[in-house]
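In the form predicted on its own, a lone chain appears below as structure tokens.
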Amino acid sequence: MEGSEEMVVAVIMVGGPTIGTRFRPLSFNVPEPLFPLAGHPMVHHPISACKRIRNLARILLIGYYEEKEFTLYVSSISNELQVPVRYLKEDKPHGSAGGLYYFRDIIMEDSPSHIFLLNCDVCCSFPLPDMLEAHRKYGGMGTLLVIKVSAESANQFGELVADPNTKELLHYTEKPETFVSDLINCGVYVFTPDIFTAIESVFANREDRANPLRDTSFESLYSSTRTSVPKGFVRLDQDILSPLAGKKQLYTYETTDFWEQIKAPGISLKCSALYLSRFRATAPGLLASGDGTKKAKTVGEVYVHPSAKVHPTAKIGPNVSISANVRVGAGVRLINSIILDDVELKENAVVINSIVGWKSSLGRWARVQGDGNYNSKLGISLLGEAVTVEDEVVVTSCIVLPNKAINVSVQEEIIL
């Protein structure tokens, strides 16, 4: 039924606090999905991308954070985008396919013809309308966004083989030990409601395996899963994509744009830069500019919250985002950094390759810096909430937990 009345629902998986350990000490204060990248919560970027889908009925966030953590954000973003956004709390982790299935009745309330499934910890340009168009042409059950990466890094992700002409997914393997392909899964999907039947058959197969008298042709597909899986837990990659590859059910849509998985705070600096540069094309009004006369001089892409006070002699950028109520003093220099709410940076302080936590303060001529290696644990400096760096103190490549006062220079330390 091609037609304008077809509705689409978008589901964004936001995970839960058990996964958030990799984001410490920042996740002490705020759920990882609400951590700001380019001045907006991480989850805001996929949500605003969903707004570009035609006939979008609503957006559902699924996770196992407490509901109160998302209440304010969900109501403000629903108002801002004029699209209903709702947070659904799982009783326990169900895996991405299991979580989808757990809330199938709510997802299907609008009888959507298509369901988008996105992961919150993915940073990309989310080409959703193009994916949907390709998916309709392929005529399969699902289409996954894929990207080419270097052969060395491919094994950190789900590697796949697709037919170069038809784009059918022929083979899928999660984090393989030997090289399969430089095409990887981006964690962005569009499905028809048939996905629920596919997930149901996973449950049915498990029942059959538990009952050895009944054997099915799927047996061989699943006998390789060595560990017993918790009830109701279905992984999209191993349980759905791998078994259905090569059955004319799943197809791929390749992006040549940027893509990152946000696995650690260092990567969030890189992703903030990617989103800021994307604003240049999609939302130039969000970027600050100044030449150092009335407004601070900016270099490259910079986001400054309207409530922040920035001295005109400061110099900011490239890749800096400054959150609410930040006070930036005279002569301050900021490069490649995220400054969170209520931070005070006194005269001539310098911040490079760093994240400065909520309510922290840097004294005069203080310096917080990292070497900018996003993948190494101490490649950036990271100050937790309410950290004070005294005048003229230098903090290099350190992680500082909340409520600490640093009065001597430190290097490559984790300060507990």
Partner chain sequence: MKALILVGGFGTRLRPLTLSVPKPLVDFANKPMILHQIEALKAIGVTEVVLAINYQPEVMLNFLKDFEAKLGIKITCSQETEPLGTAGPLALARDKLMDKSGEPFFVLNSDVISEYPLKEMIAFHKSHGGEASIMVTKVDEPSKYGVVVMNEATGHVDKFVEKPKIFVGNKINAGIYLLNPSVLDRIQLRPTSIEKEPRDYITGLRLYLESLRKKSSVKLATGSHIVGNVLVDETAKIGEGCLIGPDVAIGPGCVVEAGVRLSRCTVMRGVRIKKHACISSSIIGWHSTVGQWARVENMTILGEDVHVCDEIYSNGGVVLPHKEIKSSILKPEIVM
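None of the values given here were measured: they were computed from a predicted structure. Positions refer to the first chain, counted from 1.
Another form exists, predicted together with the partner chain; not displayed. Remarks below refer to it.
Contact annotation: residue 350 falls within 4.5 Å of the partner chain in the model of the complex, judged by heavy atom distances. Contact check for residue 332: a heavy atom falls within 4.5 Å of the partner chain in the model of the complex.
Residue contact with the partner chain in the model of the complex: residue 412 places a heavy atom within 4.5 Å of it. Using a 4.5 Å cutoff between non-hydrogen atoms, residue 313 counts as a contact of the partner chain in the model of the complex. The candidate stretches are 364-372, 26-34, 379-387, 62-70, and the one lying within 4.5 Å of the partner chain in the model of the complex by heavy atoms is 364-372.
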